[in-house]
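Only one chain is shown below, in structure tokens, and it's the form predicted on its own.
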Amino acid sequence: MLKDWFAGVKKGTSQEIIAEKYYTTAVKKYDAIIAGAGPAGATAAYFMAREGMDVLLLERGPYPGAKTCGGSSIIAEHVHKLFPNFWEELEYERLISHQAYWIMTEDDAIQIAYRSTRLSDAPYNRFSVRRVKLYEWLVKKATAAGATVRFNHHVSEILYEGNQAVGVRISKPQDCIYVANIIILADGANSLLAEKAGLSRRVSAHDLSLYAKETIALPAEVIEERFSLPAGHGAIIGLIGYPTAGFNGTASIHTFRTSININVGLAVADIAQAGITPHDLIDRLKAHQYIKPLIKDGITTEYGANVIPEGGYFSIPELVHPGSMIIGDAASLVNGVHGFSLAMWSGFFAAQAASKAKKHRDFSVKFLRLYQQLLDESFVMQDLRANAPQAKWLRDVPYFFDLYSRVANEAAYHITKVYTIPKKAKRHYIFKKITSMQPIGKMLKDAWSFLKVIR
């Protein structure tokens, strides 16, 4: 028995051996190093530090969220389970109690909206939040838990001893090395670190979407009047059809405390094909007759863009490797409904695996695999797996959002308009009108293909 115990200890210790060529030049050795201080990386750092791990969180920007702009919404229940009553600490913008979708053409908009006072009760549903404020809060949580954070540190490569990740190299001006038992990649969409290390393939332009964002300042009371909101409450409007200029894509409006955030996103491949710029899409949307009144007299205070991986389940790389894990956007763990939540939960699951690996002193795939197992058992991977066909479907039916926005609005126009003909004749006329835009057989085929990919 004693012999078996000694053999186990020896095996565990061997996982912690750092190659001498790195160790002698390293600044310090940590339990874990995280590249990227976004929602995934900062959440992982917080939960690992809370478990007593010595964690180094590295961010290439000068402060949390330096590379981001605008904001989005967070799902209250998801974040509440990770950070109980987070709304008492996080500086959010508005409590979302109004959700709407507009199906748009150049001249029309079918508006579907839902309001409820029940969405205003704890633990709430959504909050609009600025990215910088969310990132800053998460990094402060990680620091308070004991994590070390270094800004202006660009991780240029992962260092290996054999196939085991053992550290990272920081590019100039620091030009130094840090070593650790576990390396976690949270460097965002199109992770160059993972690609350079051979942990993931080059991301296709079809699997990346570029979102242009603009923040327009307006007084709080003006926003509440224009969106018919109670004080402190907010609205999110999803925009379909017209905003993406004939391509499948999404756009939205988020209300902040004293500003409105507009964003439009398309696949990078579609942007290249169309020869348009994100700025063109934003200007085009702002000029729409139903958007102009919402932003009238507003002042643009921020403009930018960011890339989001939207290839879905089939674009997710292998997430667990000897001594390393990939989390958040770097792992293509993105679902439009859940927003930041998937990144944060992936950071939490990675922290559980890292903590277990440290306790067993074994940083091989054997123990880090717990990260993948926790993901698979959670809503994160279950939703991504259920919706796996969507990315391919969007490429196969590129006209869907534009065409059927036009069909829906054309039908709505004629249903609303009063004619001096019998109702039966009117129904026949409307049927002929919309089937001239798309044959009924093709409509049914497209509708069936749509239903098959919605889970």
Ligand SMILES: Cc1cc2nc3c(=O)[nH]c(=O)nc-3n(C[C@H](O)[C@H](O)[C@H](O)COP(=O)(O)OP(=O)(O)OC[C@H]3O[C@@H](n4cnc5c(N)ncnc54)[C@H](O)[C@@H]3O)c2cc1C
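So that the term is clear: the rigid core is the largest set of C-alpha atoms that superpose within 1.5 Å between two forms. Everything numeric here is computed off the predicted structure, so don't read it as measured data. Numbers follow the displayed sequence, beginning with 1.
There is another form of this protein, the form predicted together with the named molecule, and it is not shown here; the text below is about that form.
Participant: So which of Ala269, Ala197, Val307, Val222 gets a non-hydrogen atom within 4.5 Å of the named molecule in the model of the complex?
Facilitator: Of the candidates Ala269, Ala197, Val307, Val222, Val307 is the one lying within 4.5 Å of the named molecule in the model of the complex.
Participant: Identify which of Thr215, Ser315, Asn181, Ser73 has a heavy atom within 4.5 Å of the named molecule in the model of the complex; exactly one of them does.
Facilitator: The option sitting close enough to the partner is Ser73.
Participant: Using a 4.5 Å heavy atom cut-off, indicate which stretch of 226-234, 130-138, 117-125, 103-111 touches the named molecule in the model of the complex.
Facilitator: One stretch meets the cut-off, namely 130-138.
Participant: Does the named molecule get within 4.5 angstroms of any non-hydrogen atom of Met48 in the model of the complex?
Facilitator: No.
Participant: So, in the model of the complex, is Tyr211 in contact with the named molecule at a 4.5 angstroms heavy atom limit?
Facilitator: Although the named molecule is absent here, Tyr211 would touch it in the model of the complex, with heavy atoms inside 4.5 Å.
Participant: Can you check whether Asn263 is within 4.5 Å of the named molecule in the model of the complex, heavy atom basis?
Facilitator: Result yes; Asn263 sits at the interface with the named molecule in the model of the complex.
Participant: Though only this chain appears here, would Val55 touch the named molecule in the model of the complex if you measure heavy atom gaps against 4.5 Å?
Facilitator: Val55 lies outside the contact set for the named molecule.
Participant: Superposing on the rigid core, is the Cα displacement of Gly70 between the shown form and the other one 2 Å or more?
Facilitator: For Gly70, whose C-alpha is compared between the shown form and the other one after core superposition, the shift is 2 Å or more.
Participant: Note whether the distance between the C-alpha atoms of Gly339 and His98 decreases (closer) or increases (farther) in the model of the complex, against the displayed form; the change is 3 Å or more.
Facilitator: It is farther: in the model of the complex, the C-alpha atoms of Gly339 and His98 lie at least 3 Å more apart than they do here.
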